[in-house]
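Quick heads-up: the structure tokens below are two forms of one chain, split into structure 1 and structure 2.
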Structure 1
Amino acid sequence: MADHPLLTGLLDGPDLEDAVVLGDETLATDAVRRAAFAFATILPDEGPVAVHAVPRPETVVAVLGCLLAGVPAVPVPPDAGPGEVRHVLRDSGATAWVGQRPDWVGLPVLPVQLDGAGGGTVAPPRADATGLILYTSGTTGAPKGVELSQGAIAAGLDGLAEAWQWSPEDTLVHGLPLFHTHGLVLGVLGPLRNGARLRHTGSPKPERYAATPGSMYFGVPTVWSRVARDVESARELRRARLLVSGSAPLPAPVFDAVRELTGLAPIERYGMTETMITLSARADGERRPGWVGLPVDGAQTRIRDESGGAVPADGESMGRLEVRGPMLFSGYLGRPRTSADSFTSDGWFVTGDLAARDAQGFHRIVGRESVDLIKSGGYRLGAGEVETSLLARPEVAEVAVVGESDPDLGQRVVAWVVPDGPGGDAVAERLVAHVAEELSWHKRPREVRFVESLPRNAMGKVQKKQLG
């Protein structure tokens, strides 16, 4: 089925006995292929299919089966609470569930057979068929479903394969979650499309990376800062070809420490759920701490000032980063207006990031325009969704959630609360647990600060920059 828009490497690439290792399971290419086809043949015509994205082979096989059949897959974060799961199921209109199903989810469960005889086949989908719907946070409101077509995913992965010289000789090692672009799209579909190997370590702990031989390692900056603090583990990574960092800024001291300990200058790359990865340092090129490299094949960037004029490519002047290319998303599911508003009238996606570019085309990300989009441990979360969750608690009269700089997480979620009644540690713990349970563990505030009042301007809008 060579004409599949995305899974050519899996279908026509080399047959590896150990293509995918996830925790303690090893799957050959042929076993993955057969199990994915077996799953594809039991799929309902109408999707999407919600996949409880635990780091297990069943998650990979279910996503691949959906892609083979052209039925969109919606990865559900395994640490998400009922509030978030209900939102994702309702918003996506999922018709079936894969994995361990909470009893309150009223969807039919689709079984995944890993050792099934497999076989069977399905017609390949069109390149513009939606492959994945990835839920990601905005500055306000609940997460939106980002629709990525199979063709866009393929274009984005091919851009990275060219920049990183990704080949069947490579073995990728990472332990990133399988419900976001970094871990699932780059981290699973990437090796499979390139006919290469994958080793998933369950969680991205430095000692697990050190214990897993490979040629490429993916991590968010928090992972690399922990590698840099674990000298024993870092030294083990000397054997690698590429160490890749993304999802949040890689602090220059971490870049330097990793280079010092491993002999490898990290490859930093930049992207978004909506755009795949658009900028990256190259395997055959310069790597500069604090810079995210050049546009990958197919991607174009534009940096404009407030009045819409071009910003000089002097490496200093900064402006709003806009991107376009074949790897961009199709839109936010069910939100045509929001989708249209995220593009300029001449078709460029407005990233919401501020950037600068130098004469060689090297880009650096200066920061986000909105304080309400927080990146903690590489996870994107919106201040608004956490504030809404906390305001549902009787102990909270007013709240402002901010991302405060943190040496390990990049930013840490801090909730400033005007309590209704006494504050105190017990209340703070209850509030943190509420967000962890209702939204997700990784969106929980790391700290709750009780205050008499919140700084507001004449319009009554909270002045977040005065907090912290």
Structure 2
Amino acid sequence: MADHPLLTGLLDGPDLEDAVVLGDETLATDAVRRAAFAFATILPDEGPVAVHAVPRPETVVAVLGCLLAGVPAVPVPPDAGPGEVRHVLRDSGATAWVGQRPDWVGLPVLPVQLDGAGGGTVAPPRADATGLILYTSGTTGAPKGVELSQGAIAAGLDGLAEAWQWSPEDTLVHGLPLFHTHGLVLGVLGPLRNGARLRHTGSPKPERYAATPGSMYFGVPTVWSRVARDVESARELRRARLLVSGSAPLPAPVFDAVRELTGLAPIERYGMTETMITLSARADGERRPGWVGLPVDGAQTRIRDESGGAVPADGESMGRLEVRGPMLFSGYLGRPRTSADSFTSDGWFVTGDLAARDAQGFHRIVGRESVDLIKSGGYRLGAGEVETSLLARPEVAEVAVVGESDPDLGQRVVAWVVPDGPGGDAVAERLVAHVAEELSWHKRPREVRFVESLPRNAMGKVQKKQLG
């Protein structure tokens, strides 16, 4: 099985007695292999298989069994409502279910036996076989199924292994959900491909991270913000080699606080469900707050303006980020037109994100083109840089900047602020003055609105379309 396109680390890597720990359960490498092969042998040939993605060993084994057999796995978020689950099952064409099945799901349930009695063998799938069908957040309509081939997943993980110097000596710790790229692909398949250990803490709480020895820790910005406020837990992470942040921008003040408390500057990286991780700071390289580094091995990027021309690599000029490489998805399931429209005529995937790049090739993500590009008074500005400026103020705990329709300016800059303390007109005036002085006059918020919280999705990303 050494020629398996994705799971070579699990199949041919070191035998570890404590390869996978999820909560109170510990599985050896051989136990994971045997259970996964046993599950692979009972899979329906046609697939796909829906996996109720709770943080349990059965979830890991079911996904691995699907990958071994070449049957697509469809992770289903545990907190998804009936409407979303029905859409995912209908859209994916799932033929079976793994895990606790709701009464209203009519699919047959496939059992997962962790003892893996009998093991089994299966023929390795092709590299272009669909490994996972991951569903997008659906912010612009019904969630779309993103088809990731086994080869694409392998290429993406290998690019990160090179950038992060990921080896069998590492132990990865995280408590992220297991239904998306960050928690499942990077957080489970990553260590298994590299022959490393995995410790899943059940939930990404600072005290659980502190109590779990490891060399690499994964978290979204909300996790690192909580770590920065928990001084005792943060200091326990000084033992780590890498602290990695992703899925949303990491505020510069949080970056600085984590670095001060742990002695480690966080690794920031960028990717999408459709692209895996294409940009990252390196384990042996520079790390800057607000910057997501260089293309990983095999990935290429370019930044284009509205007319399709190249944007200067000056670290300030922003444009549409486009990427290509072997880690990109095969397409949106059942949506050939949408898939084709997502690529340029010369084969680059249009991410929909705005970015800037400096002369050294370092990238900075400015925001989503659809919600973060603000055209105000004849100027083009990115919401992200205004947010970064505001987050440097002690009065601001969280912020989201949007452009709202204005009869005179076209769009006016509006800042939605979760205050760290009392809000009010005086605070708003100080914030506006700060941005005008630090950035420029035309980038200042024309209005500051104080709120108790910002709308976020399961990954902690602010849902700006819900503001207003």
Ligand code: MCA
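What we label the rigid core is the largest C-alpha set whose atoms superpose within 1.5 Å from one form to the other. All values reported here derive from a predicted model rather than from experimental measurement. Numbering runs along the sequence of structure 1, starting at 1.
Chemist: Just to confirm, one of these is the form predicted in complex with the ligand and one is not; which one is it?
Modeler: Answer 1, the form predicted in complex with the ligand.
Chemist: If you fit the C-alpha atoms of each rigid part, what angle in whole degrees does the small part swing through between structures 1 and 2?
Modeler: About the hinge, the smaller body moves through 139 degrees.
Chemist: Enter the rigid core superposed C-alpha shift of residue 397 between structures 1 and 2, rounded to one decimal in Å.
Modeler: Displacement of the C-alpha, rigid core superposed: 32.6 Å.
Chemist: With the two forms matched on the core, what distance in Å separates the two CA positions of residue 371 between structures 1 and 2?
Modeler: Rounded to one decimal, the shift is 2.5 Å.
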